[in-house]
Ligand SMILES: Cc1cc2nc3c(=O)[nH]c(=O)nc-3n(C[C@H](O)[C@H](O)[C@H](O)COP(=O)(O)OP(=O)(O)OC[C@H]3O[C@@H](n4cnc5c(N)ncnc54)[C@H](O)[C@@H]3O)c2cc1C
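Presented as structure tokens, the chain that follows is alone, the form predicted alone.
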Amino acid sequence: MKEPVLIIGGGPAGMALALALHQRGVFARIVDSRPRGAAKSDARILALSHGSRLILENLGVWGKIPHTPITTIHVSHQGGLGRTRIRAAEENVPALGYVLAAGDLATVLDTALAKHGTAFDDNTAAPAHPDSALIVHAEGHIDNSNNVADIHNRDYGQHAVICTARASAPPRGVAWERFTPAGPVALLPCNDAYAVVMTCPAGESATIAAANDSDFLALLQSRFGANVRLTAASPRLVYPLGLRLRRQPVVGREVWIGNAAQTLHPVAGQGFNLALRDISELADALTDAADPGDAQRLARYAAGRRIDRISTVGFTDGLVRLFSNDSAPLRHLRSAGLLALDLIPAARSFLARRMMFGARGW
């Protein structure tokens, strides 16, 4: 008899799916090549939307995850006058999003799975020919060894330098997104400090990350502007940035989710939010399924996710390319666009709901 669902990858995406399936009475087993608990040391900072909070609340884990709310998002661009502010109060939500450590999310999900007795085979390679009704790939990266033609790649020529930084005043729930010709800079409220994501040309990232704190803060301040006065920074980490997209996230009895399906630029923080929407709808699609790998059921899931997935990828990719170009006409266009957002509440609300709930926010 085939095992119902095999999840390859025990990171946050794989564990969230296993927990969602458990809630719906669908048996799942996780296989991970790493030791169990490896994801708890993940140093990344995640910005989760209000919609993602609702998904994690439904999984029963949200209240256990340390987090900092984002009540205002301030968007601007270097060299232009336009800027806009998006506020949670205008959307009647407690917060637009939340900043949390990926390692904390992994810890809470792992604890919940252990409580429910979910099968978790760590230090175990994925079987070459698994005897499962459905295989879900959640490895945290795109493996193109089997079908290179199905993978779309775009190298932005950028790296992200990440750290935490302290300022002369506490964040008070404000997230800052500043677009510059060298790439976006984000300051996200994280406890009483900021989580910093500074995009830079790939060839400069190692030098920037290794700079002494004084020089690094001077560079960060010059790119970010004067709205926040930065006073201290933690050691820096570097991550390469690009777009990698698996065009077909469902093939036969296999499904790809999270970074195994698409890896996005961190601008607008959409990556894991998209993954959680995929996970929630996949779990719904498998509820009461006699055969989780049924072709028609999986085809309906794929069709239902297509618009949100493609529009989120396009939105993120478009932002990177639009705001990384320093041509004069585009500078004026960006200024006009940000000014229009600030002056037209309906447009601002459209963008806010799109970021919180994906395509369904429309």
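Position 1 is the first residue in the sequence shown; the rest follow in order. On a predicted model such as this, the values are computed, not experimentally measured, just so you know.
One more form of this protein exists, namely the form predicted in complex with the ligand; it is left out here, but the text below deals with it.
| query | S33 near the ligand in the model of the complex, any heavy atom under 4.5 Å? | reply | Contact check for S33: yes, within 4.5 Å of the ligand in the model of the complex.
| message | Check P292 for me: does it contact the ligand in the model of the complex (non-hydrogen atoms, 4.5 angstroms)? | response | Contact with the ligand, no.
| Given that the partner is absent here, does G97 sit within 4.5 Å of the ligand in the model of the complex, heavy atoms only? | G97: no contact with the ligand in the model of the complex.
| field | Interface membership of G140, the ligand in the model of the complex, 4.5 Å heavy atom rule | value | Although the ligand is absent here, G140 would touch it in the model of the complex, with heavy atoms inside 4.5 Å.
| query | Which single stretch, out of 313-321, 46-54, 61-69, 300-308, brings residue heavy atoms within 4.5 Å of the ligand in the model of the complex? | reply | In the other structure, the partner sits against 46-54.
| field | Contact assignment for the ligand in the model of the complex, among A285, A126, A167, A101, heavy atom within 4.5 Å | value | Among A285, A126, A167, A101, a heavy atom within 4.5 Å of the ligand in the model of the complex occurs only for A126.
| said: Please identify the residue among A112, L230, V250, I162 with any heavy atom within 4.5 Å of the ligand in the model of the complex. | reply: Contact with the ligand in the model of the complex is made by I162 alone.
| Out of 262-280, which residues reach within 4.5 Å of the ligand in the model of the complex, heavy atoms considered? | Heavy-atom contacts within 4.5 Å come from P266, G269, Q270, G271, F272, N273.
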